[in-house]
Structures are given as C-alpha cells and as structure tokens.
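So this first bit is one chain, no partners, the form predicted on its own, shown in structure tokens.
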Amino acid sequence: MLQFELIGNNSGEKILLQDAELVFWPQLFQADESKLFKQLMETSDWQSETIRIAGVERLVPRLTAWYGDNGADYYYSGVKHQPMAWTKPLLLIKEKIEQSCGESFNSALCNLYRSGQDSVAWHADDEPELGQNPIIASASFGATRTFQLKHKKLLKLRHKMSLTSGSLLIMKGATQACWQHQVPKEPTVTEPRINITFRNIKRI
C-alpha cells in the first residue's frame, strides 16, 4: 500500500489575488505519483456525462466520478449526483490534505482529462449546497495542466498557473464568489491528468 508524507512548506505558498484566498503546494505528496495515478485510474468508476448547452446535449470533454459520505448529493450542470463509496486511494489523499490544510471534506469530484483535448470551461464552484465561501481542495496527478482564473467583475484581473503532478491548490474565502476558473484545452499535451476537488457538501 502506498504511504504518503508531506514535504516542503506544510503551510503552503500563498497566492495574493484581490478578493481571493489561494494556497498552493507544488508537490504535496512524496510517494511515487505514477503509482498513485495508476491506482486512481484503476479504482475510479469513470463516467462520460452530457450537458445541455443552448438546448443541445453535448458530451462533457472529460470523464468524471463523484465520491463521498452518504447523503453528500451534489447538483451541477442541472444533474443530481449521488456519491459512490470512498476508495482507498481517495481516503489516503483526503487524509493527507485534511492534515495539511486543517479542514475536513465529505466528498470529492474526480475528473479525468484524457489528453490536452479535454478541458473544463469557465465556472465557479458556488452551488448552494457548498455554502458561503466554500473551501475547495484541488489535487492533481499526471500531466501538468494550465489553470486560469478571472475576476467576475474586474475583468482585467486574471491569473494563471501550472498544476503539477502531486500538487494541491486550496481555494477559499471569497474566491468562488468573485472569481471563475477553467482548465483550457492544450493540444500539445498528450498525457492524461487526474484532478480531484474535495468539497464539503452541506445539507440545505
């Protein structure tokens, strides 16, 4: 079984943006990331979903899987997602993240970007069941992908960064209320990436 150890600055690196609170660990996990990536690939129940855009059903350009505690139902893109039971790799990652940031999470959305042709469009994780000023913990494994943010009102305020394998990005405070984020298509990227966003679903 894989063992994980925190390395580097356990408090993370603060990213200073107006109306946002971001903390980044470039490499949170010291264990072999390729083994963890392989376990996530093999144990996650990846699903191909559709989304309705302008009345037309379109395939979501990535694969997803929703995990969590019983009752941690999540609505996004007009669809209710009921969580599957936690897998061992997810519980290990969750435990280390909670130790690092001092927060607890009851659910996780797994995204598989099969190549740079997969992406996620501009959005904010601001659904009602996440509560006010939610804390989102985003862990990445596999290929490095670009992560972009833009302010909802101050349109000139933008930021981009590279999310490397084994990294963790914490978004908290007013980040979801004031900013949107995306992972754009990158045709030059040929390797897959797994991203896991841990959340705390509140019953409303």
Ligand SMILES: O=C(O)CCC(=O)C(=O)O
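On a predicted model such as this, the values are computed, not experimentally measured, just so you know. The first residue of the shown sequence is 1; numbering continues from there.
Another form, the form predicted in complex with the named molecule, is not on view; read the next lines as being about it.
- Annotated contacts: A20, K152 and W179 are all free of the named molecule in the predicted complex [non-hydrogen atom within 4.5 angstroms].
- F29 falls outside the set of residues with a heavy atom inside 4.5 Å of the named molecule in the predicted complex.
- In the predicted complex, the named molecule sits within 4.5 Å of a heavy atom belonging to S138.
- Within 4.5 Å of some heavy atom of the named molecule in the predicted complex lies at least one heavy atom of H123.
- The named molecule in the predicted complex is not approached by T87, whose heavy atoms all lie more than 4.5 angstroms from it.
- Exactly one listed residue, out of C101, L92, A72, L109, brings a non-hydrogen atom to within 4.5 Å of the named molecule in the predicted complex: L109.
- Of all the residues from 145-167, those having a non-hydrogen atom no more than 4.5 Å from the named molecule in the predicted complex are F147, L163.
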